[in-house]
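Take a look at this one chain, the form predicted alone, written out in structure tokens.
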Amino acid sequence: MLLREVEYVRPSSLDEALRLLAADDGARPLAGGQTLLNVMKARAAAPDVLVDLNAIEELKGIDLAPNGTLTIGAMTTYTELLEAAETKARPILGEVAATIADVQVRNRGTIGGNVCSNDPTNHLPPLMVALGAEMVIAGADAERTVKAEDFFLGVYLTAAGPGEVLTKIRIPAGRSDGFAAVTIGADGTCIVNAAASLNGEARVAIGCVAAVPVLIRPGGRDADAVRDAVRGADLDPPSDVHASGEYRRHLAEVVAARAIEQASARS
């Protein structure tokens, strides 16, 4: 289906983008477009103005601080994430980016677009939660920082509200991470996924079982402790053509255990 007529603007600075977004209630930021354009074609969204962020250099790039903290611009593509030398400091980022869809999508899709769309089946929201990431959001009047576990509010809903733009993501130092998923086909949509981190406290975030990633802090750092914690979380995942809610609950234990085992192997 063809797109309906829409105004298109391409600002060259963040300030200009924020002014454009604030000027029209029907304006929406456009990142890689891998989700938004398809939603528009399906007539599930109908913005009046698309504010293309691709020319804004301050939203791009990856910086590695001396203390190991990674700062990733929201307009960084999946391909840039998996190829950047800086990302080697947190290898799980590139490993997960490499499993997203196909080459064409990875070349256009952005880390900011992925987390801001907050499709419950996306790879990056549970990973950001497990890694303890911080999301930096700019608005017309101020900039604020939100923890990843507080950033995701509902299906396609995040703390980045109307007129705001996610500018960058900060990820603390660490290497003891894991990620596991059961997907529809080799590069398909996740049925259930889980990310784990053992840098400091044990953190496991499970995706595809609720509207937002479910963060679990298991009492131990092994697979059995994680399985117990997942069972104790009283998950109530949805059923669809790909899996029943009961099967998703079972998969949540399986992928969470796999993720923590991978993280433990890197400790």
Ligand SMILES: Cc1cc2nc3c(=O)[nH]c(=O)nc-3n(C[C@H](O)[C@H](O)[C@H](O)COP(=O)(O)OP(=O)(O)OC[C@H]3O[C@@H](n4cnc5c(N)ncnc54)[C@H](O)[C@@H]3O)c2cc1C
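Owing to the predicted nature of the structure, the values given are computational and were not obtained by experimental measurement. Residue indices: 1-based, along the sequence shown.
Here the subject shifts to the form predicted together with the ligand, a form of this protein not shown in this document.
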| property | result |
| --- | --- |
| Complete contact of Ala133, Pro172 and Gly174 with the ligand in the predicted complex (any heavy atom, 4.5 Å) | no |
| Stretch from 218-226, 32-40, 234-242, 205-213 whose residues place a heavy atom within 4.5 Å of the ligand in the predicted complex | 32-40 |
| Ser197 within 4.5 Å of the ligand in the predicted complex, heavy atoms | no |
| Interface membership of Val165, the ligand in the predicted complex, 4.5 Å heavy atom rule | yes |
| Residue contact check: Gly178 to the ligand in the predicted complex, 4.5 Å heavy atom | no |
| Thr87: touches the ligand in the predicted complex, heavy atom cutoff 4.5 angstroms | no |
| Heavy atom within 4.5 Å of the ligand in the predicted complex - the one residue of Val192, Ala148, Ala74, Ile92 that qualifies | Ala74 |
| Partner contacts for 39-60, taking the ligand in the predicted complex and a 4.5 Å heavy atom cut-off | Leu53 |
